[in-house]
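Only one chain is given next, in C-alpha cells, and it is the form predicted alone.
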C-alpha cells in the first residue's frame, strides 16, 4: 500500500532524513524505534503531508501522494501526533464528528449507520459515557483515547501514531497499547514508540531509524539477538527472558 523511496528532508539546513527507503506493502502494524532526533516523527509527518519540502517518492497505492488533494489524503491517512492541544470547548462527540469531515464534503449530517458505528467505536474505547463531556475536562489518557477513536472513525486505510502513550501512567499505557495492537486487523498502522519492551513483545516487524537513515528492518528477535538494539541506542541493555514469551525484555538500570 505504502512505499517510501529515497526520502530526504532538510530543515533549517539540517539533514533530517537521508535517502530513506521503506516498503509497507505487507500491511498490518509496523513499529518504528530509534533515539531522539533519528527522524521518526519527521518520517510520518512527510507521509501525512505536514512536511512538504522533502525529496524522493512517497507512493500510496502506487500513486504519488503529492498528486492527492488534502481531502483525498485525509480519506486514506489519519495521523495522531505525540501531543494534540485542544483549546476550544469541543465535546467528545463534536470532535468525533469533525474527524469525519473527509467523508462529509456535501455538508450532510451523519447517517444512522454512521452514528451507530461512531457509538460502537466510542464503546470499544470505553468512551461512550464521556461523549457529551468537554475535551478540556478529560484526563490525558481519556483525551488520547478520544484522538485515536476519532482517527479510527475517520476510516483510514493507514493510521499513523506518533508515541501515543507518552506522558501516560502504566495502566493507561497498557489500555491504549491493547487497543492499538488490536486495530491492525482493521487497518494498516505505523507506530512510533519509545516503549521498547511493549514494541518487542507485540510487534511482528520493527524498523530502526538512526541519524535519519535506515538502521534495521526485521523481526523483534533479530533486533535483540544480533545486538542491533544496543547499536541503535548506543547503549548496552541488560536483558531477561519474558516469563510468557521466548523473547527477551529490557531490565531497568540500577543507579
Partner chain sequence: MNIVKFISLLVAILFFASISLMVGPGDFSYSDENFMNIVLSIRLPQVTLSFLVGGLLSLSGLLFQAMFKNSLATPYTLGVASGAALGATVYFTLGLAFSIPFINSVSIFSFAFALVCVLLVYSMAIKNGRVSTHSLLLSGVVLSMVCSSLILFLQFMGNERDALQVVRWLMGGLDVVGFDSTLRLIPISLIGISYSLFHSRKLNIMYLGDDIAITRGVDIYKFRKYLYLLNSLVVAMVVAECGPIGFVGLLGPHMAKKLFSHKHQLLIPSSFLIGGLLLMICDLLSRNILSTTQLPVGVLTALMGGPFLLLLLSRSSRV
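Worth saying up front: this structure is predicted, and the values here are computed from it rather than measured. Positions refer to the first chain, counted from 1.
Not on display, but discussed next: the form predicted together with its partner chain.
You can rule out all but one of 163-171, 177-185, 115-123, 146-154: in the predicted complex, only 146-154 has residues with a heavy atom within 4.5 Å of its partner chain.
Although the partner is absent here, residue 106 sits close enough that one of its heavy atoms falls within 4.5 Å of its partner chain in the predicted complex. Contact annotation: residue 158 falls outside 4.5 Å of its partner chain in the predicted complex, judged by heavy atom distances. Taking the partner from elsewhere, residue 228 is found to have every heavy atom lying beyond 4.5 Å of its partner chain in the predicted complex. Although the partner is absent here, residue 49 is a contact residue: one of its heavy atoms lies within 4.5 angstroms of its partner chain in the predicted complex.
Of all the residues from 62-99, those having a non-hydrogen atom no more than 4.5 Å from its partner chain in the predicted complex are 70, 71, 73, 74, 77, 78, 79, 81, 84, 85, 86, 87, 88, 89, 90, 94, 95, 97, 98, 99.
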